[in-house]
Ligand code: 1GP
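Just one chain follows, in the form predicted on its own, and it is written as structure tokens.
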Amino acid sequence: MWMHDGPMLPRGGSRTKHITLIDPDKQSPEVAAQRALVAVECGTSAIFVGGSTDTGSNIVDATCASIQEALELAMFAASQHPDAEEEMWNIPVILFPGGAHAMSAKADGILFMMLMNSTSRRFLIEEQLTGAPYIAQAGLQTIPTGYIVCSPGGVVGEVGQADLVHPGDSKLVSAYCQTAEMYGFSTVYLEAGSGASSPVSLDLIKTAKSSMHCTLLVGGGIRTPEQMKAAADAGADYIVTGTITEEFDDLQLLKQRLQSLISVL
């Protein structure tokens, strides 16, 4: 569905952008699509689909298909009105996979991630080896990503067997970022963990930004406009929020909450 040429997540430029993460295991595909439309209306620049480690490809596929259909209908509706912003609905739906089992050809692309600070070979190379043939056959655009789990880490830190990067580990995060760039990754993602009690340290964000030319994503534990602005000012090119989207069954309340966050960027 996404119709732009070039990278899906270009380096942010002068303004930090927002990404909405939708976990297909936390709502039906229809509700996921409704929430995605609200997020886009509020100014999100991409939809990530994924998160849970045990979600099957059938659920991921249905969720991606539902979101894509909703975006296409919204774009068509906007094209019928001369004052509507048709292009605002043309955003990528990108897989944020919990593993090689959670794939979908209905997405536009995929974060092809190495969990760089995992102590397990599985998350360094084995899941990637399993998933690569499917990704190639599906023709998904890959976004080579160095994924670094920072304290507190949450479930992803435990499942991914991550040797967590702590707030004082500036030299370590710099080395990870330099390594990612030398591998040719286009993107580095600093992750505090879904629903984390605190976000990634601002010092780590600043160090990561200054250590490389890759696009910098930051996510986990960002729940307030103040935290959002602080991460943006520290150097994040994109800020990812997910748990917030799952907290509101009332779409109007969700819209108000997302607008309060995205408006500070």
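Note that the structure is a prediction, hence the values are computed from the model and not measured. A residue's number is simply how far along the shown sequence it sits, counting from 1.
Another form exists, predicted in complex with ligand 1GP; not displayed. Remarks below refer to it.
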For this chain shown on its own, do 2, 65 and 141 all sit within 4.5 Å of ligand 1GP in the model of the complex, going by heavy atoms?
no
So which stretch, 207-215, 193-201, 39-47, 57-65, is the one near ligand 1GP in the model of the complex (non-hydrogen atoms, 4.5 Å)?
193-201
Within 4.5 Å, heavy atoms only: does residue 21 come near ligand 1GP in the model of the complex?
yes
Heavy atoms within 4.5 Å of ligand 1GP in the model of the complex: does residue 112 have any?
no
State yes or no: in the model of the complex, is some non-hydrogen atom of residue 16 no more than 4.5 angstroms from a non-hydrogen atom of ligand 1GP?
no
Is residue 29 close enough to ligand 1GP in the model of the complex to count, meaning some heavy atom within 4.5 Å?
no
Do any residues of 235-252 have a non-hydrogen atom within 4.5 angstroms of ligand 1GP in the model of the complex? If so, which ones, in sequence order?
240, 241, 242, 243
